[in-house]
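Just one chain follows, in the form predicted alone, and it is written as structure tokens.
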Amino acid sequence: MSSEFHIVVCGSIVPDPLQTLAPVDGPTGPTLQNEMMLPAVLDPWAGHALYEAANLAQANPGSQVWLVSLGPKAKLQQVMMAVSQKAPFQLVVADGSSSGFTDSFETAKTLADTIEGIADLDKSKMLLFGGWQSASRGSGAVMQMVGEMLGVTEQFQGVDKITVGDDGSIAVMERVEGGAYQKSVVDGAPAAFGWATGELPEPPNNPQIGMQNMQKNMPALMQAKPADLSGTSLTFEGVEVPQQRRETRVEKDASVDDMAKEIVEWLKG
């Protein structure tokens, strides 16, 4: 027996990881040097969540997938031209900053408000997907807060696999320490899942899916409402790239005990 889900995937864009990123102080706070000129990609963790959502929807006829993204719509349009060929989804856009310097709470609030505005969403069938971490924010807190704001208390983080049972229950495999997994079972929707890498490879490009997606996603981009992220009290005193540090000393005749003792003293310091 298949279940019908309304799957909401939260995911934004990040600078291409192959680029050199240099933080600078801008007029409104920290930013990346030439940020709007940097090529962007879909956040890798959000990508895993999207592909898992599309696979789950395909296995459960009647299910729908929405990709809810907070980011500058001009950059989102460029990225969506490629992402839209990977899997079918309906794009919902909040036009605002995707910077890693944005307050996590304000980000979560904007995403939750945007999700609440999806007209066809049935929250009793909702599965909230997103990245366990983020290549821009990396706080590991946004998805938890979005879930709480939407009243979704069944939450799982570091998910690599979910399996839907015949009775609609969902078995969840979550990463825990030591390379092990914790297995949980939730009765069904609503529930929130912060995805790790999942088990699926990146889907191949399908131009037909891309054309179908962009027919409905282009209007969503054009009609995107500005997101208000001004409510934060978060401030930065300064930003800089971490400096590499290497101290090397060559000792030819040091004993193992002397080396161990020096390492211990160095760690204590």
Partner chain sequence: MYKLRTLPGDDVRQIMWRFSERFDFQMAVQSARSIARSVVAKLVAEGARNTHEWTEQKDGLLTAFDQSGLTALFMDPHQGGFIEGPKNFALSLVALELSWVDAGAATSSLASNLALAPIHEKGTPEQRDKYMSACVPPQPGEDRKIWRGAFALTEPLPYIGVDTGVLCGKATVADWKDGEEPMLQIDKRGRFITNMDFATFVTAAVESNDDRIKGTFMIILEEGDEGVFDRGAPTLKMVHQLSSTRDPILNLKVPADRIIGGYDVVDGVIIPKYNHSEIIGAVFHRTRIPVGLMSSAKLLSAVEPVIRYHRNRFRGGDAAKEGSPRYEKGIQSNEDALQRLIDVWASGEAGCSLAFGAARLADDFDAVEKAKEEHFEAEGITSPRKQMAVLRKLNDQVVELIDLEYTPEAERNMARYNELKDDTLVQYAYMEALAGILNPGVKLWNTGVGANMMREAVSLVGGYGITEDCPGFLMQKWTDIQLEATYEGPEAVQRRHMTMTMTSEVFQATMSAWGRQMERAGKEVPGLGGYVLASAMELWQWTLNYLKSAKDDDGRKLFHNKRQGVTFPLADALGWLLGPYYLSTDVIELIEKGPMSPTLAEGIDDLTGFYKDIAHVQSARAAGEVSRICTELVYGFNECKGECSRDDLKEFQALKAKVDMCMAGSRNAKDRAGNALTEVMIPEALDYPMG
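Everything numeric in this text was worked out from a predicted model, so none of it was measured. Positions refer to the first chain, counted from 1.
As for the form predicted together with its partner chain, it is not shown, yet the points below apply to it.
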{"item": "Non-hydrogen atom contact residue 224 with its partner chain in the model of the complex at 4.5 angstroms", "value": "no"}
{"item": "4.5 Å heavy atom contact, residue 85 to its partner chain in the model of the complex", "value": "yes"}
{"item": "Its partner chain contact in the model of the complex: residue 20, any heavy atom under 4.5 Å", "value": "yes"}
{"item": "Residue 155: touches its partner chain in the model of the complex, heavy atom cutoff 4.5 angstroms", "value": "no"}
{"item": "Every residue of 47, 173 and 180 near its partner chain in the model of the complex, heavy atom within 4.5 Å", "value": "no"}
{"item": "Options 198 to 206, 224 to 232, 48 to 56, 61 to 69; stretch whose heavy atom lies within 4.5 Å of its partner chain in the model of the complex", "value": "198 to 206"}
{"item": "Option touching its partner chain, based on a heavy atom within 4.5 Å in the model of the complex, out of 169, 78, 184, 90", "value": "78"}
